[in-house]
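Taking the form predicted alone, here's one chain by itself in structure tokens.
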């Protein structure tokens, strides 16, 4: 049973109904397409493949949503951290242009999927806003607004007064808003997508960590401790968790990204009176700090926020007062909030914040490098990868493929994170 596993002690695990009861992969099974990983990308790929009538089986090490897909903040953000659209097109040409269109539409793709499949995921499409924390960084907001507006995104540029009205805070100097964004309960979304895929005829095997993948007689073979899956096509959808259960799995893909722990926190419910002032229209919010300040409400009127620690010891005791003080700076009327849950998941970071998308062999695909913007992007990429697997012309897809390029000294890269975090904090305190 799904609940027999030890789930991270998150708000989502406490508040979300159980996932479907799934078998482990035992013996040999066959499918047209094997998907490794039952997070957002894997489940979206499987669901879209079933919509096209292809036989698909998902092989998951734990349970759907156990990894970062079920542990994140749940913000549905239709943009990357960076690079901006013009940079993506300059780097990847026509494929980059199609990718920017996919990013533009990514939040709408997610919310449309939720509605079409009847998924209960506490979905609120009330927009996503990036407020600006220093006058100098208004140039960033203005640039991003102009570029996304040119692509037809539903964006607005807000001055300080409009930002204050939207968020109920005087902490920011302006903002840009994308009305297609919003937020979800991410674990409910993952479990709901799993049910939807099963309902359309997909198979999902849980508690079946993949040890290795081989190519035999023109087919892909996915090897687990108790079985193997043989398939024509392969989708690797494991992101920052690619080597969580085995260091030999797809090393060139895995070593392009640095897994970084992202901490999330849930406050006690906020009173109705305060909710009328603090983020009254309930958008998702993440600002221009490098050490990101972000917040949104969940369905129980808790503020869901989070942050990073340079040295992750005594995490909960240090994070709670630190983030309570941060929120009090933004919204003094909240006072010292109490927090009921603290949890974490791994983000796959790349050196340039650009996702890595790959063809790794005949009818085989992989990606990694969410950079903290994976909720909308993962679901949208699943649709595109399903189209590629189904035989659609790659020249029509929003997939700027590159060859895997593992980072030099990858094993030492996590040691640089405290330095980078402190560098971001130093920059955040100054004008840009």
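Owing to the predicted nature of the structure, the values given are computational and were not obtained by experimental measurement. Numbering follows the first chain given and starts at 1.
Although not depicted, the form predicted in complex with a small molecule is the subject of the following passage.
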>> Only one of 49-57, 367-375, 23-31, 398-406 has heavy atoms within 4.5 Å of the small molecule in the predicted bound form; I'd like to know which.
In response: 367-375
> From the list 125, 267, 75, 163, which entry has a heavy atom within 4.5 Å of the small molecule in the predicted bound form?
Replying inline: 75
> in the predicted bound form, which of the listed residues (249, 234, 109, 121) lies with a heavy atom within 4.5 Å of the small molecule?
Replying inline: 249
>> Quick check on residue 345: any heavy atom within 4.5 Å of the small molecule in the predicted bound form?
In response: yes
> Does the small molecule get within 4.5 angstroms of any non-hydrogen atom of residue 209 in the predicted bound form?
Replying inline: yes
> Any chance residue 130 has a heavy atom within 4.5 Å of the small molecule in the predicted bound form?
Replying inline: no
> Is residue 241 a contact residue for the small molecule in the predicted bound form, using a 4.5 Å heavy atom cut-off?
Replying inline: yes
